[in-house]
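Okay, so here's just one chain, in structure tokens, the form predicted alone.
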């Protein structure tokens, strides 16, 4: 049984200067942006302290242990051993996505996204010069799944790439192996690429069945690109480090063709922290975090059932983000606005994730049970207001 990782106290969290703690006044509980409230893994703290002590603050080197560290991590956590020679670092997952899309599409080409989905996906496609093709996830009544028929129709209509979120943000869905294999075959049949954002992968709960896209089939290796990072699991977003991963010659050539500046934008502290995060020394901390998030996702279900019985919430398979349907409460298309104004709880606007987000909010439960409970209790007061 893993020892859980406990969040820092609220008064200490309010000393932070990141977006989560500076966007709103001190009377607001911020559960919107994807930052967590936990202390850093000790291995990361030691790596950064050592770098500061010796002034190791220059450019990243042309040869680093990052790719090898990720390979070892992937082998331990997913049973997958990607080739370090087929990877390149970059500043963050969003940058990796844009740079890959620029190489695998032409201006005006369609790129499939699957709403409700991480809001920057829409902007990243446009930044790459492509056009968003929306193929929403299918609501099965008990979860969400990739709409393979919709994907096929979009590819037949000329879409040249699929932007996959795996695990999915905001629903926390771990896509099935069957869906991923079928997606790869569709892309291969139509000469399209699949770019898989796997930033939430380290946060997939044990037993959820997460599989890296590049590990599911030969077709996936031929059409696929994965962009990975330690930043979500280990709360390192501000340090800027991600990896673009490939598994066959065609995609590897594409990634190798990117300008060296794409690599040099990686933060030195981000790289040092990521190597520490991916090390075996950090596994115990990560397991403890997963145990904490498991407790919190279940606590949230209990709190909503008791205090907001009209809310609809499916326990996510991965991550620390809850997708909550508040439609039945009658608070309008964008209930987060009222919740912020009257309950002083900041949640992410559901509509930012696509039209499918009407009446929804996204709540970050990567915090303490006390803050999570306070937030739900505050929102519950609006039922009778």
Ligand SMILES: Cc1ncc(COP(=O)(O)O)c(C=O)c1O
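Positions refer to the first chain, counted from 1. This is a predicted model, so every value here is computed, not measured.
FYI, the form predicted in complex with the ligand isn't displayed, but the following is about it.
Undergrad: Spot the stretch among 299-307, 195-203, 76-84, 284-292 with residues whose non-hydrogen atoms come within 4.5 Å of the ligand in the predicted bound form.
TA: Checking each option against the 4.5 Å cut-off leaves 195-203.
Undergrad: Consider the chain as shown here, without its partner, and state which of 266, 231, 246, 105 has a heavy atom within 4.5 Å of the ligand in the predicted bound form.
TA: Contact with the ligand in the predicted bound form is made by 231 alone.
Undergrad: Let me know the one among 34, 324, 339, 66 whose heavy atoms come within 4.5 Å of the ligand in the predicted bound form, would you?
TA: Residue within 4.5 Å of the partner: 34.
Undergrad: Report whether the minimum heavy atom distance between residue 94 and the ligand in the predicted bound form is within 4.5 Å.
TA: Although the ligand is absent here, residue 94 would touch it in the predicted bound form, with heavy atoms inside 4.5 Å.
Undergrad: Evaluate residue 169 for contact with the ligand in the predicted bound form, applying a 4.5 angstroms cut-off between non-hydrogen atoms, and reply yes or no.
TA: Yes, residue 169 is a contact residue.
Undergrad: Does residue 165 reach the ligand in the predicted bound form, with heavy atoms at most 4.5 Å apart?
TA: The answer is yes: residue 165 has a heavy atom within 4.5 Å of the ligand.
Undergrad: I'd like to know whether residue 210 contacts the ligand in the predicted bound form, with contact meaning heavy atoms within 4.5 angstroms.
TA: Because no heavy atom of residue 210 falls inside 4.5 Å of the ligand in the predicted bound form, the answer is no.
Undergrad: Judged by heavy atom distances of 4.5 Å or less, which residues of 97-133 approach the ligand in the predicted bound form?
TA: Result: 118, 121.
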